[in-house]
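Quick heads-up: it's one chain on its own, the form predicted alone, in structure tokens.
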Amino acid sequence: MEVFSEEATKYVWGGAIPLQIHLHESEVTTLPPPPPALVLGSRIGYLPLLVPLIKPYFSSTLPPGEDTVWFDYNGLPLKWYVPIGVLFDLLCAEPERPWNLTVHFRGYPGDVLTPCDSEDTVKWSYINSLKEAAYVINGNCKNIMNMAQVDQFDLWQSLVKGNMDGYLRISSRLKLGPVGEDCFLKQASSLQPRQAIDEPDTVGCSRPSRIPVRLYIRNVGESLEYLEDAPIIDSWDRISYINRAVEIHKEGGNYMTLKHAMRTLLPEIFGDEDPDKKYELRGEGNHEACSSFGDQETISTARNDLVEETSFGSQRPSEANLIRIQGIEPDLNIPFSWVVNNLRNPDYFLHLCVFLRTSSHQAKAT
């Protein structure tokens, strides 16, 4: 298997979610109400980038005055800085096509969402994510900080317009990848506790590489026969959001698979060595549900503390139901280097959605 597949990357860049966008009933001023807008949302894009398409469509029915545009799904305000594909994979346990969203031009929920006044806000959120990824990979973000303004503009426009070739041309100068075939696990005898991202880099040729990963973890409750029966997410407090790095080594050990990477990222769930057993997470202590969806952290400048720990909110054992990356539920034995090179987003983070379910036998016992 090729480490970098141009065909796979084209599929990622060409991936889109069919959206059916309804105007909220409180903002309809005409009869009959306007039909929903049908648009394609790029998987690697962001909801505010759709506003230039949607606003003219509904303009004739809107009341006077305007506010910041925002979207919701089943009443849940959608985080504008999370890629559309990640939102879809995370919130639609059973894929819904078209995906029915509601658009609002009034009543921005500032207690839930960070303000997003223009496309520039989205651009700088993306650039800051790129800085974070660069810091994880290289130990600094100088390459991003030193980008010429014209390159920064062209990089952003390549994302907005879905221009993969233009993106690859500019991003190749940032020296953030790809990951080579020599992607190994650390030898068991030399295993160390997970290194925080703000710790000093290892000196020398054996310095491990680090891959930035964003984890979105959703507990779907008791064991379900069908994911379509998963309860609707009505609050971001029900989603755990974790930034972690995977260390890979260029010598010694065994080749790293996605399964190995998940054991590094979430040892509480994927730490079982028997691939035929269900993975379980046991809560420790009296933890309450906690989410790290801190808006201000997301749009802040590059941080030194990217490893964010969250509790999973359940004291009952949970099983890893499935993993989604770019809409794919991958085989865990696939080489991790292939996953990183071909399925990461343009911000150089690998975005992983993980669904957990509570063990039925334990649920009955509590």
Partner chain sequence: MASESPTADRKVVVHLRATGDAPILKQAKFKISGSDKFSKVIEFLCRQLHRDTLFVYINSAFSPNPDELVIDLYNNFGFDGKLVVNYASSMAWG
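Values in this document were obtained by computation on a predicted structure and should not be read as measured data. Residue numbers count along the first chain shown, from 1.
One more form of this protein exists, namely the form predicted together with the partner chain; it is left out here, but the text below deals with it.
Interface membership of R214, defined by any non-hydrogen atom within 4.5 Å of the partner chain in the predicted bound form, is confirmed. Interface residue remark: I248 is not counted as part of the site for the partner chain in the predicted bound form, having no heavy atom within 4.5 Å. For N219, no non-hydrogen atom is located within 4.5 Å of the partner chain in the predicted bound form, even though that partner is not displayed.
The partner chain is not drawn, but in the predicted bound form it has no heavy atom within 4.5 Å of L101. Residues Y73, R324 and R357 are none of them found to lie within 4.5 Å of the partner chain in the predicted bound form, as judged by heavy atom distances. With the partner omitted here, the residue from V136, L159, M262, I84 that has a non-hydrogen atom within 4.5 angstroms of the partner chain in the predicted bound form is V136.
Of the listed positions (I242, L176, I170, A230), a single one reaches within 4.5 angstroms of the partner chain by any non-hydrogen atom in the predicted bound form, namely I242. Comment: 74-82 is the region of 101-109, 88-96, 74-82, 159-167 lying near the partner chain in the predicted bound form, near meaning a non-hydrogen atom within 4.5 Å.
In the predicted bound form, the residues of 128-149 lying within 4.5 Å of the partner chain by at least one heavy atom are, in order, N128, K131, E132, Y135, V136, C141, M145.
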